[in-house]
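Just one chain follows, in the form predicted alone, and it is written as structure tokens.
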């Protein structure tokens, strides 16, 4: 009983402090905010606190406070690669969004803040006659999340064009990283599943005709519309396409389809009939529905091929641990 009262008082004090740390004229603070409203899977219970800071200064003081008070926290953009637990998140979610979406173009150099939409960034660069980001034009998400996971499509990654970036540690200190220090590899970097908060990145693109770039983007978007489900909530590709697996038995979507799992459903979570590497939310899917379906897919594919599928998507536990969906410990 006393522990419950103490926890409630501590939570009330934390909410009061955070409300005063964030300037409500440029930022936003929400309590008991449903996380299903902040991810593309549309799944997830309430976060104790969700903050959308309005400036780097607000992020700095907020991160220092959370670190000093040992409060669990998580940084997100559009939540396009995350599965939130139905129980929500016992801590503070920091959402980096439109307040951090400035894009500056100088010749072939582009400096962009972490909250910039990947789609808008690609189109803006294309209009300026800069090529190198066409492959991200149909990807939901923000620059920060894209850099953290070295996201992209067509076997390309955003890290290919990164020159340098600025990130903040959990104590609110800013650090600069040159590309070679970022550990970019296929769909990963040193920033993935870490406490780093990416603030901005400098990219080096190449000059090309805006019309040529536009035509290439239209073709990529056309292919995505034909191949991928767009009308129902999903997180994009669930499983990674590793080089060894791709060369031996093919990409995950093909392997899952050949295993006969297209259309397989647990609750309202379903393996897309359009592309088997997508799990769609048919309306009221819960986090456990998705996790059970992921486990089933991995078991069936392993039994048939001997390959264990690795997950690209991450699950956020109520305690704030971010783990791959193929992790058995959550």
Ligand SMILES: Cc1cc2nc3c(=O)[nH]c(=O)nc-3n(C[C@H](O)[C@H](O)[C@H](O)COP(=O)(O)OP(=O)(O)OC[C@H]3O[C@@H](n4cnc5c(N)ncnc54)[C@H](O)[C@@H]3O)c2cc1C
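In this text, all values refer to a predicted model and were calculated from it rather than measured experimentally. Positions refer to the first chain, counted from 1.
This next part talks about the form predicted together with the named molecule, which is not shown.
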| query | finding |
| --- | --- |
| Interface membership of residue 224, the named molecule in the predicted bound form, 4.5 Å heavy atom rule | yes |
| Contact test in the predicted bound form: residue 193 vs the named molecule, heavy atoms, 4.5 Å | yes |
| is_contact(residue 90, the named molecule) in the predicted bound form, heavy atom dist at most 4.5 Å | no |
| Contact label in the predicted bound form: residue 103 to the named molecule, heavy atom within 4.5 Å | no |
| Per-stretch contact check against the named molecule in the predicted bound form, the hit in 242-250, 80-88, 177-185, 205-213 (non-hydrogen atom, 4.5 angstroms) | 80-88 |
| Residue among 129, 141, 132, 172 with a heavy atom within 4.5 Å of the named molecule in the predicted bound form | 141 |
| Partner-contacting position among 165, 76, 256, 110 - heavy atom within 4.5 Å of the named molecule in the predicted bound form | 76 |
| Contacts with the named molecule in the predicted bound form - residues in 135-165 whose heavy atoms fall within 4.5 Å | 139, 140, 141, 142, 144, 145, 146, 148, 149, 151, 152, 153 |
